[in-house]
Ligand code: PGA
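Heads up, the chain below is alone and in the form predicted alone; it's given as structure tokens.
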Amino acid sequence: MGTLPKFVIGNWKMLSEHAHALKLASEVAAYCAEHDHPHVKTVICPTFTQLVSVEEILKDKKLAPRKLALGAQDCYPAPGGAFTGDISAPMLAEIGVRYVIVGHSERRQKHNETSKFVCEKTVAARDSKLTPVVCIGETLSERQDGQTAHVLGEQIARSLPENFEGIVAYEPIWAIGTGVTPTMEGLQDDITTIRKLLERHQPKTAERIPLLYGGSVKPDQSAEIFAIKGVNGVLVGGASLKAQDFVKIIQSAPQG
């Protein structure tokens, strides 16, 4: 497998009020403007209401997307229509969004989104030239029952279109927002399993698919996560809401 870039993607969820979002974006953008990490692709994903304002901040800093790109937290499969409250992939693309998270466990669980629906979103993102970040992950009970590989295999098979070109983020549901992370040995096993599943279900593109880990990622263990064979980056939740912590995670990404 060729060398893939390292990704650091911040998912701000519904946790940042507008003033804080602007301050946070300004601080992250200032760091990225002053420091070059050519081996790292950094993405920040504000809420929908903050996207335009954050994009203006990135423009003011004259930041190329390779240094700091704008991402969204979701999109709707249809390009337009009578879908009250939804945002389409073309709408995101036209305001400067480059990446979009789809299939996050919070969407799958709290909005009852199926893998089929996630696949439709992924295709919509692709068609609008957005890079989809497709999330997969198992619950604690599924893990305890020895169903991790089966659950992840089903999600990969049904959430990704044929010849998928995008990013996969492994977010074990039992680790999100809990402060609990798998042991590094356990995470290595999980990443190895997912790599094999990608090779089985996406034989033509598997080696080009970056695989990220998400789930209570913090600066004090991000270097360990990056060191795991097969991990190409991190999807960061709570720690992405503090510029200092997020910057430390960017700095922990190894070259090569």
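Please read all numbers here as calculations on a predicted model, not as lab measurements. All residue numbers are counted from 1 along the displayed sequence.
Below, we refer to the form predicted in complex with the named molecule, which is not included among the displayed structures.
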item: Option from 119-127, 144-152, 104-112, 87-95 whose residues, in the model of the complex, bring a heavy atom within 4.5 Å of the named molecule; value: 104-112
item: Residue contact check: Pro46 to the named molecule in the model of the complex, 4.5 Å heavy atom; value: no
item: Leu24 within 4.5 Å of the named molecule in the model of the complex, heavy atoms; value: no
item: Heavy atom of Val217 within 4.5 Å of the named molecule in the model of the complex; value: yes
item: Contact of Ile156 with the named molecule in the model of the complex (heavy atom, 4.5 Å); value: no
item: Partner-contacting position among Gly186, Pro79, Pro161, Gly177 - heavy atom within 4.5 Å of the named molecule in the model of the complex; value: Gly177
item: Stretch 213-239 - residues with a heavy atom within 4.5 Å of the named molecule in the model of the complex; value: Gly215, Ser216, Val217, Leu235, Val236, Gly237, Gly238
